[in-house]
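Just one chain follows, in the form predicted alone, and it is written as C-alpha coordinates.
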(Lines give C-alpha, C1' and ligand atoms only; values in the text may rest on other atoms or scores of the structure.)
Protein backbone atom coordinates (compact mmCIF):
# COMPACT_ATOMS: atom_id res chain seq x y z
CA UNK A 1 0.00 0.00 0.00
CA UNK A 2 1.33 3.42 -0.93
CA UNK A 3 1.88 6.10 1.68
CA UNK A 4 -1.31 7.83 2.74
CA UNK A 5 0.36 11.20 2.23
CA UNK A 6 1.49 12.35 -1.21
CA UNK A 7 4.33 14.83 -1.64
CA UNK A 8 4.81 16.89 -4.80
CA UNK A 9 7.35 19.49 -5.86
CA UNK A 10 6.62 22.54 -8.02
CA UNK A 11 9.03 25.10 -9.44
CA UNK A 12 7.84 28.70 -9.66
CA UNK A 13 8.25 29.90 -13.24
CA UNK A 14 7.77 33.48 -14.42
CA UNK A 15 4.42 32.68 -16.06
CA UNK A 16 3.02 31.40 -12.74
CA UNK A 17 3.73 34.71 -10.96
CA UNK A 18 1.61 37.83 -10.83
CA UNK A 19 2.93 41.36 -11.40
CA UNK A 20 4.47 41.43 -7.90
CA UNK A 21 6.73 38.49 -8.72
CA UNK A 22 4.90 36.17 -6.31
CA UNK A 23 3.05 32.97 -7.10
CA UNK A 24 -0.52 33.87 -8.05
CA UNK A 25 -3.26 32.39 -5.88
CA UNK A 26 -5.12 30.77 -8.82
CA UNK A 27 -1.89 28.96 -9.71
CA UNK A 28 -1.71 27.62 -6.17
CA UNK A 29 -5.21 26.35 -6.85
CA UNK A 30 -3.97 24.59 -9.98
CA UNK A 31 -1.01 23.12 -8.08
CA UNK A 32 -3.21 21.64 -5.37
CA UNK A 33 -5.57 20.18 -7.98
CA UNK A 34 -2.54 18.67 -9.69
CA UNK A 35 -1.32 17.22 -6.39
CA UNK A 36 -4.77 15.84 -5.61
CA UNK A 37 -5.04 14.28 -9.07
CA UNK A 38 -1.61 12.64 -8.90
CA UNK A 39 -2.22 11.37 -5.36
CA UNK A 40 -5.58 9.86 -6.36
CA UNK A 41 -4.34 8.38 -9.63
CA UNK A 42 -1.48 6.55 -7.93
CA UNK A 43 -3.90 5.03 -5.41
CA UNK A 44 -6.58 3.86 -7.77
CA UNK A 45 -9.27 6.52 -7.50
CA UNK A 46 -8.09 9.18 -9.95
CA UNK A 47 -9.63 10.45 -13.17
CA UNK A 48 -8.34 7.65 -15.37
CA UNK A 49 -9.80 4.96 -13.11
CA UNK A 50 -13.14 6.49 -12.11
CA UNK A 51 -14.02 7.71 -15.60
CA UNK A 52 -14.47 4.03 -16.48
CA UNK A 53 -17.40 4.08 -14.02
CA UNK A 54 -18.71 7.25 -15.67
CA UNK A 55 -17.87 9.12 -12.46
CA UNK A 56 -15.94 12.34 -11.85
CA UNK A 57 -14.64 14.13 -8.78
CA UNK A 58 -16.15 17.60 -8.38
CA UNK A 59 -14.75 20.22 -6.04
CA UNK A 60 -17.47 21.46 -3.69
CA UNK A 61 -15.61 23.73 -1.25
CA UNK A 62 -12.09 25.09 -1.00
CA UNK A 63 -10.35 27.11 1.70
CA UNK A 64 -6.76 28.33 1.26
CA UNK A 65 -4.79 29.92 4.10
CA UNK A 66 -1.36 31.36 3.28
CA UNK A 67 1.28 32.96 5.48
CA UNK A 68 3.51 33.80 2.53
CA UNK A 69 3.74 33.26 -1.22
CA UNK A 70 6.90 31.93 -2.91
CA UNK A 71 8.43 34.00 -5.67
CA UNK A 72 9.99 33.46 -9.08
CA UNK A 73 12.55 30.63 -9.38
CA UNK A 74 11.70 29.23 -5.95
CA UNK A 75 10.22 25.85 -5.13
CA UNK A 76 6.94 24.91 -3.50
CA UNK A 77 6.26 21.55 -1.86
CA UNK A 78 2.67 20.41 -1.49
CA UNK A 79 1.67 17.46 0.64
CA UNK A 80 -1.86 16.08 0.44
CA UNK A 81 -3.93 13.48 2.21
CA UNK A 82 -7.51 12.30 2.71
CA UNK A 83 -8.90 13.52 6.03
CA UNK A 84 -12.44 12.10 6.05
CA UNK A 85 -14.75 10.03 3.85
CA UNK A 86 -18.51 10.35 4.30
CA UNK A 87 -21.39 8.99 2.21
CA UNK A 88 -21.41 11.75 -0.39
CA UNK A 89 -18.30 13.87 0.25
CA UNK A 90 -14.67 13.44 1.14
CA UNK A 91 -12.36 16.03 2.67
CA UNK A 92 -8.84 16.36 1.34
CA UNK A 93 -6.20 18.56 2.98
CA UNK A 94 -2.91 20.06 1.81
CA UNK A 95 0.21 21.52 3.42
CA UNK A 96 2.44 23.94 1.51
CA UNK A 97 6.14 24.48 2.32
CA UNK A 98 8.78 26.77 0.83
CA UNK A 99 12.27 25.90 -0.41
CA UNK A 100 13.65 26.01 3.14
CA UNK A 101 11.02 23.64 4.48
CA UNK A 102 9.02 26.35 6.23
CA UNK A 103 5.27 25.70 6.28
CA UNK A 104 3.63 28.64 4.52
CA UNK A 105 0.08 27.44 4.05
CA UNK A 106 -2.67 24.91 4.60
CA UNK A 107 -5.63 24.08 2.40
CA UNK A 108 -8.88 22.25 3.12
CA UNK A 109 -11.17 20.97 0.36
CA UNK A 110 -14.42 19.05 0.01
CA UNK A 111 -15.13 16.80 -2.96
CA UNK A 112 -18.18 14.97 -4.26
CA UNK A 113 -18.21 12.11 -6.76
CA UNK A 114 -20.91 12.62 -9.39
CA UNK A 115 -22.42 10.45 -12.08
CA UNK A 116 -21.50 12.12 -15.36
CA UNK A 117 -24.86 11.35 -16.96
CA UNK A 118 -27.22 12.33 -14.16
CA UNK A 119 -24.83 14.95 -12.65
CA UNK A 120 -25.96 13.68 -9.26
CA UNK A 121 -23.69 12.69 -6.33
CA UNK A 122 -23.08 9.00 -5.71
CA UNK A 123 -22.47 7.18 -2.43
CA UNK A 124 -18.68 7.16 -2.09
CA UNK A 125 -18.60 4.59 0.70
CA UNK A 126 -20.49 2.09 -1.46
CA UNK A 127 -18.79 2.92 -4.75
CA UNK A 128 -15.16 3.06 -3.49
CA UNK A 129 -14.95 1.69 0.09
CA UNK A 130 -11.15 1.34 -0.26
CA UNK A 131 -10.83 5.14 -0.24
CA UNK A 132 -11.21 5.08 3.55
CA UNK A 133 -7.98 3.04 3.78
CA UNK A 134 -6.07 6.20 2.82
CA UNK A 135 -7.41 8.40 5.60
CA UNK A 136 -4.34 9.91 7.27
CA UNK A 137 -5.61 10.20 10.83
CA UNK A 138 -2.24 11.37 12.17
CA UNK A 139 -2.07 14.43 9.91
CA UNK A 140 -3.46 17.76 11.10
CA UNK A 141 -4.88 20.63 9.10
CA UNK A 142 -5.46 23.81 11.17
CA UNK A 143 -7.80 25.35 8.58
CA UNK A 144 -11.21 25.79 10.22
CA UNK A 145 -14.18 23.89 8.88
CA UNK A 146 -16.25 25.76 6.37
CA UNK A 147 -18.63 28.46 7.54
CA UNK A 148 -21.58 29.59 5.47
CA UNK A 149 -20.81 32.39 3.03
CA UNK A 150 -23.88 34.64 2.86
CA UNK A 151 -25.41 35.86 -0.37
CA UNK A 152 -24.61 39.37 -1.55
CA UNK A 153 -27.71 41.56 -1.73
CA UNK A 154 -28.58 45.16 -2.45
CA UNK A 155 -25.35 46.00 -4.25
CA UNK A 156 -24.62 46.89 -7.83
CA UNK A 157 -23.13 44.43 -10.29
CA UNK A 158 -19.32 44.66 -10.35
CA UNK A 159 -18.48 42.50 -13.37
CA UNK A 160 -19.94 40.00 -15.82
CA UNK A 161 -18.67 37.44 -18.29
CA UNK A 162 -19.86 34.72 -20.62
CA UNK A 163 -18.51 31.23 -19.96
CA UNK A 164 -16.27 30.50 -22.93
CA UNK A 165 -13.98 27.84 -24.38
CA UNK A 166 -11.03 28.54 -22.07
CA UNK A 167 -13.25 28.24 -18.99
CA UNK A 168 -14.42 24.68 -19.73
CA UNK A 169 -12.53 21.66 -18.37
CA UNK A 170 -12.41 17.95 -19.17
CA UNK A 171 -15.67 17.37 -17.29
CA UNK A 172 -17.47 19.77 -19.66
CA UNK A 173 -18.24 22.38 -17.02
CA UNK A 174 -16.50 25.54 -15.86
CA UNK A 175 -13.12 24.81 -14.30
CA UNK A 176 -13.13 25.46 -10.56
CA UNK A 177 -10.06 27.71 -10.69
CA UNK A 178 -11.62 29.93 -13.36
CA UNK A 179 -14.20 31.11 -10.84
CA UNK A 180 -11.33 32.21 -8.61
CA UNK A 181 -9.61 34.08 -11.44
CA UNK A 182 -12.77 35.99 -12.36
CA UNK A 183 -13.46 36.85 -8.71
CA UNK A 184 -9.98 38.29 -8.19
CA UNK A 185 -10.21 40.30 -11.40
CA UNK A 186 -12.77 42.55 -9.70
CA UNK A 187 -10.06 44.14 -7.55
CA UNK A 188 -7.80 46.97 -8.63
CA UNK A 189 -4.05 46.31 -8.89
CA UNK A 190 -3.45 48.75 -6.04
CA UNK A 191 -5.06 46.29 -3.64
CA UNK A 192 -2.52 43.58 -4.56
CA UNK A 193 0.34 46.07 -4.18
CA UNK A 194 -0.59 46.83 -0.59
CA UNK A 195 -2.14 43.56 0.60
CA UNK A 196 -1.97 39.81 0.16
CA UNK A 197 -4.70 37.18 0.44
CA UNK A 198 -4.44 35.54 3.85
CA UNK A 199 -7.53 33.37 3.48
CA UNK A 200 -9.59 32.53 0.42
CA UNK A 201 -12.78 30.49 0.67
CA UNK A 202 -15.06 29.39 -2.13
CA UNK A 203 -18.18 27.25 -2.18
CA UNK A 204 -19.47 25.90 -5.49
CA UNK A 205 -23.27 25.80 -5.57
CA UNK A 206 -24.09 24.84 -9.16
CA UNK A 207 -22.28 24.11 -12.41
CA UNK A 208 -21.39 26.79 -14.90
CA UNK A 209 -21.51 25.59 -18.49
CA UNK A 210 -20.55 26.97 -21.88
CA UNK A 211 -22.55 30.06 -22.81
CA UNK A 212 -23.76 30.89 -19.31
CA UNK A 213 -23.93 34.61 -18.58
CA UNK A 214 -22.53 35.13 -15.08
CA UNK A 215 -22.67 38.30 -13.00
CA UNK A 216 -20.38 39.07 -10.05
CA UNK A 217 -21.37 41.12 -7.01
CA UNK A 218 -18.89 42.26 -4.35
CA UNK A 219 -19.71 43.30 -0.82
CA UNK A 220 -17.01 44.62 1.51
CA UNK A 221 -17.61 43.35 5.04
CA UNK A 222 -14.64 45.25 6.48
CA UNK A 223 -11.61 46.94 4.99
CA UNK A 224 -9.91 43.55 4.86
CA UNK A 225 -12.78 41.18 4.12
CA UNK A 226 -14.96 40.88 1.03
CA UNK A 227 -17.61 38.51 -0.26
CA UNK A 228 -18.09 37.90 -3.96
CA UNK A 229 -21.28 36.28 -5.21
CA UNK A 230 -21.23 34.89 -8.75
CA UNK A 231 -24.76 34.49 -10.07
CA UNK A 232 -26.59 33.13 -13.09
CA UNK A 233 -29.75 35.17 -13.09
CA UNK A 234 -30.97 35.14 -9.50
CA UNK A 235 -29.17 31.91 -8.52
CA UNK A 236 -25.71 31.81 -6.98
CA UNK A 237 -23.22 29.66 -8.90
CA UNK A 238 -20.48 30.15 -6.31
CA UNK A 239 -19.58 32.44 -3.42
CA UNK A 240 -16.16 33.54 -2.22
CA UNK A 241 -14.88 35.07 0.98
CA UNK A 242 -11.52 36.86 0.82
CA UNK A 243 -9.54 37.98 3.86
CA UNK A 244 -6.64 40.35 3.18
CA UNK A 245 -3.62 41.30 5.25
CA UNK A 246 -1.30 44.26 4.80
CA UNK A 247 2.04 43.24 3.31
CA UNK A 248 3.86 45.20 5.99
CA UNK A 249 2.51 42.68 8.52
CA UNK A 250 4.50 39.84 6.90
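Positions refer to the first chain, counted from 1. Values in this document were obtained by computation on a predicted structure and should not be read as measured data.
Although it is not shown, the form predicted in complex with another copy of the chain is what the next lines describe.
* Does residue 212 reach another copy of the chain in the predicted bound form, with heavy atoms at most 4.5 Å apart? -> Looking in the predicted bound form, residue contacts with another copy of the chain do not include residue 212, since no heavy atom lies within 4.5 Å.
* Any non-hydrogen atom of residue 233 within 4.5 angstroms of another copy of the chain in the predicted bound form -> Looking in the predicted bound form, residue contacts with another copy of the chain do not include residue 233, since no heavy atom lies within 4.5 Å.
* **Close approach of residue 172 to another copy of the chain in the predicted bound form, 4.5 Å, heavy atom** => Close contact exists here: in the predicted bound form, residue 172 approaches another copy of the chain to within 4.5 Å, heavy atoms only.
* Asked: Should residue 185 be counted as a contact of another copy of the chain in the predicted bound form, where contact means heavy atoms within 4.5 Å?
  -> Residue 185: contacts another copy of the chain in the predicted bound form.
* Candidate from 225, 181, 68, 207 lying within 4.5 Å of another copy of the chain in the predicted bound form - any heavy atom -> It is 181.
* **Single option in 84, 102, 145, 164 placed near another copy of the chain in the predicted bound form, where near means a heavy atom within 4.5 Å** => It is 164 that has a heavy atom within 4.5 Å of the partner.
* Asked: For the chain shown here without its partner, which stretch in 199-207, 216-224, 59-67, 23-31 has non-hydrogen atoms within 4.5 angstroms of another copy of the chain in the predicted bound form?
  -> Result of the contact check: 23-31.
* To do: Flag this candidate site as yes only if 15, 168 and 189 all have a heavy atom within 4.5 Å of another copy of the chain in the predicted bound form; otherwise mark no.
  => Yes, the whole candidate spot contacts another copy of the chain.
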